[in-house]
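Before any questions on binding or motion, here is one chain by itself as structure tokens, the form predicted alone.
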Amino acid sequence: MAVVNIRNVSVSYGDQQVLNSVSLTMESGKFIAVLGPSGCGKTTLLRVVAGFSEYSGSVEIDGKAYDAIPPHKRNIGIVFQDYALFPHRSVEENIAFGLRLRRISRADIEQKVTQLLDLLQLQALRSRYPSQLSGGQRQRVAIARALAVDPKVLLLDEPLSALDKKLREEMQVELRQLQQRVGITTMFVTHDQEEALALADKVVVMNKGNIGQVGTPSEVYARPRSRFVADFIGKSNVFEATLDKSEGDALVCKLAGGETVRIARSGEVRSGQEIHFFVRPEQLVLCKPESPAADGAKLAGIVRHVVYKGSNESIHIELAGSKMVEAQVVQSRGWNIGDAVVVGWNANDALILAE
């Protein structure tokens, strides 16, 4: 296990700034998911830690500067998106490859390979070649090969992206359990928000070469610090409003159409201040126009679209001014396109977004 400190790291390709003075601490033994849209710099950050990209700033592992250490001497395990297995080598030979380069004795190699085959449930596949393996099996072989050299840090560059949804979810569980058993500090790069929330101890949300927020999965989901994080992590209904007054533990504000709503109190605010606040789809409360609404809002709308998702439904509603919001309901009450509906929320579920 190792502590990784990334300090003021910048990367440029010509005139393009890919990373902009990024700083991040990866705690020993933790699973860190680096999340963001395509082109945000997340893979470049992984390549910096691996030593594959030139950069300014510093990378330290357990207090030792690694900036002048070439990739092959950093003792870092890497699993690439396409796994990069040797097609002409068996499972056993792929796993042993890095050990042979280090001139480890044959007996020690055999012992280590057997240990990893058992750990990743690959013993029955040891003589097969990559072309004879499923996607999930190839991924486990790539992880075994990365772990064979006892690396200080494990880097995973979207290793589940090529798998179908069901297998991907199964491999998420396997990968997390494996990381916890081995106890290795892990950086996992992904563009899949659900994957990051399911796997990570800490989530790093990146945008345009900068870190937008670092926190536990529950922190970045429930308390996003910006509109970008709120929109990127899960789904959000974002409203523009003007603060009117305080009312007990809530703030009263007015929407652009003049409707009065209540939201959670947050930090220092002033009357007349223009703000953005968000409510998650699962926190919207829908009712018939004649029924009592939630305490935070009573906004009239029309159902425009209904999406059945098995365990829940997504109801898309048009409010005044043609604003669209999405509500997620677990049990359908028979909403149909064209139905009149009142949209509300509990005041504590509506949170101000930092600008």
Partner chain sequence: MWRRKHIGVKIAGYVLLLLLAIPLIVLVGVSLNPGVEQIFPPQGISLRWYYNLANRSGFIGALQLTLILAVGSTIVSTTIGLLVGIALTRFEFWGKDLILTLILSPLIVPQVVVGMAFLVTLSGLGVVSSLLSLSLLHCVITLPFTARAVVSALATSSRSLEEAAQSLGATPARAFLSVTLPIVSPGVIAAAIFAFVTSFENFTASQFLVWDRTTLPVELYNYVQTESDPPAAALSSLILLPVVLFVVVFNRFIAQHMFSGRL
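Source: prediction; values computed, not measured. Residue numbers count along the first chain shown, from 1.
Below, we refer to the form predicted in complex with the partner chain, which is not included among the displayed structures.
By the 4.5 Å heavy atom rule, the three marked residues 228, 242 and 304 all fail to count as contacting the partner chain in the predicted complex. Stretch 129 to 137 is the answer when you ask which of 111 to 119, 129 to 137, 172 to 180, 211 to 219 has residues with heavy atoms within 4.5 Å of the partner chain in the predicted complex.
Contact check for residue 88: a non-hydrogen atom falls within 4.5 Å of the partner chain in the predicted complex. Using a 4.5 angstroms threshold between heavy atoms, residue 98 counts as touching the partner chain in the predicted complex. In the predicted complex, the partner chain sits beyond 4.5 Å of every heavy atom of residue 166. Proximity of residue 102 to the partner chain in the predicted complex falls within the 4.5 Å heavy atom cutoff. The single contact residue among 274, 194, 247, 82, judged by any heavy atom lying within 4.5 Å of the partner chain in the predicted complex, is 82. This chain is displayed alone, yet in the predicted complex one of 78, 160, 251, 199 has a heavy atom within 4.5 Å of the partner chain; that residue is 78. Scanning 48 to 65 for heavy atoms within 4.5 Å of the partner chain in the predicted complex gives just one residue, 52.
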